[in-house]
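Next up: just one chain, as structure tokens, the form predicted alone.
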């Protein structure tokens, strides 16, 4: 089954009501819906109370897992390592402990060499209260992720939570073997408020929610090759997407990097003058690009199959 066939089989208005909502679920509920029943075993579990050493200094509440759940489980019988961010705790932001748990998981994947990794992103970026430690964590995670991929380990990201995937999380997602995103998922290095603060409202109006979603949301990311598979908001759709991408994630090497660099250079040439996502969609060939944000999933997937800017064979 191709990625397009997978999307069309699992997408559509009816599919969004089958199973729990990924967007509304907690990190632990997402893991429960994603993995085979009773297969998840957590590393550094709640009983160990490994929490941030920095938050108490600011009189901020801690959480027993520091907003990052790591462990192992099975997906369709296949052993996998998993990490899930809790977007309800500090917006899923990276801190020292939060990041170290993901780094450790990726290093374990590198050393094992035969167990793929699923990362359930839900993050606004780095915690301001742990800025230096959080930034260092991002660098360590990226290095560990690339080392795992160089060892032949597929690393697949799933994005559809409330916080989206911003800041350092967006950088990490860009280093993954492949991504699945829902319409509710947003991917960007800089968030809307950050862009407006630094460049002014004329550059980007963070209060224009339609602008935010069509620029950073899942539909746009799918069309420009920022994600391999578009999932609906159901657990079943993300589970199908994860299983597909684990089987079809591209190998990591010079050829993959060169092809991606070439694609990005072509994207700048083709879309560099565009002022809005609608302009990009028009260049891609959409007859009525302004209608794309309102399209039901099934209609969008049919259009995406015609307009998509290919990234690599996983799509």
Partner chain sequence: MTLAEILVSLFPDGHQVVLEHGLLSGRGTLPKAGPVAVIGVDGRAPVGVDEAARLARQVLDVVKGGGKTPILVLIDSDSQRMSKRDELLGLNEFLAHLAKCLILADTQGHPTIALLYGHTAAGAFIATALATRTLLALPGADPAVMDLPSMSRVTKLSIEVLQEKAKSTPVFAPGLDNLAQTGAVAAVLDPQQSLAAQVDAVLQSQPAKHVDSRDQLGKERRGRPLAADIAGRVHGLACAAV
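Just so we're clear, the structure is a prediction, and the values are computed from it rather than from any experiment. Positions refer to the first chain, counted from 1.
The same protein also has a form predicted together with the partner chain, omitted here; what follows describes it.
Asker: Tell me, out of 31, 50, 284, 249, which residue has a non-hydrogen atom within 4.5 angstroms of the partner chain in the model of the complex.
Answerer: Of the candidates 31, 50, 284, 249, 50 is the one lying within 4.5 Å of the partner chain in the model of the complex.
Asker: Give me the residue from 223, 97, 93, 155 that has a heavy atom within 4.5 Å of the partner chain in the model of the complex.
Answerer: Checked against the cut-off, the match is 97.
Asker: Answer for residue 288 alone: is it within 4.5 Å of the partner chain in the model of the complex, judged on heavy atom distances?
Answerer: No.
Asker: May I ask you to check whether residue 111 falls inside a 4.5 Å heavy atom distance of the partner chain in the model of the complex?
Answerer: Yes - in the model of the complex, heavy atoms of residue 111 and the partner chain come within 4.5 Å of each other.
Asker: Heavy atom to heavy atom, is residue 116 within 4.5 Å of the partner chain in the model of the complex?
Answerer: No.
Asker: Report yes if any heavy atom of residue 183 sits within 4.5 Å of a heavy atom of the partner chain in the model of the complex; otherwise report no.
Answerer: No, residue 183 stays farther than 4.5 Å from the partner chain in the model of the complex.
Asker: In the model of the complex, does every one of 35, 40 and 219 come within 4.5 Å of the partner chain, counting any heavy atom?
Answerer: Not a single residue of the candidate spot has a heavy atom within 4.5 Å of the partner chain in the model of the complex.
Asker: Check each residue of 258 to 279 against the partner chain in the model of the complex and list those with a heavy atom within 4.5 Å, in sequence order.
Answerer: Contacting residues: 258, 260, 261, 263, 264, 265, 267, 268, 271, 272, 274, 275, 276, 277.
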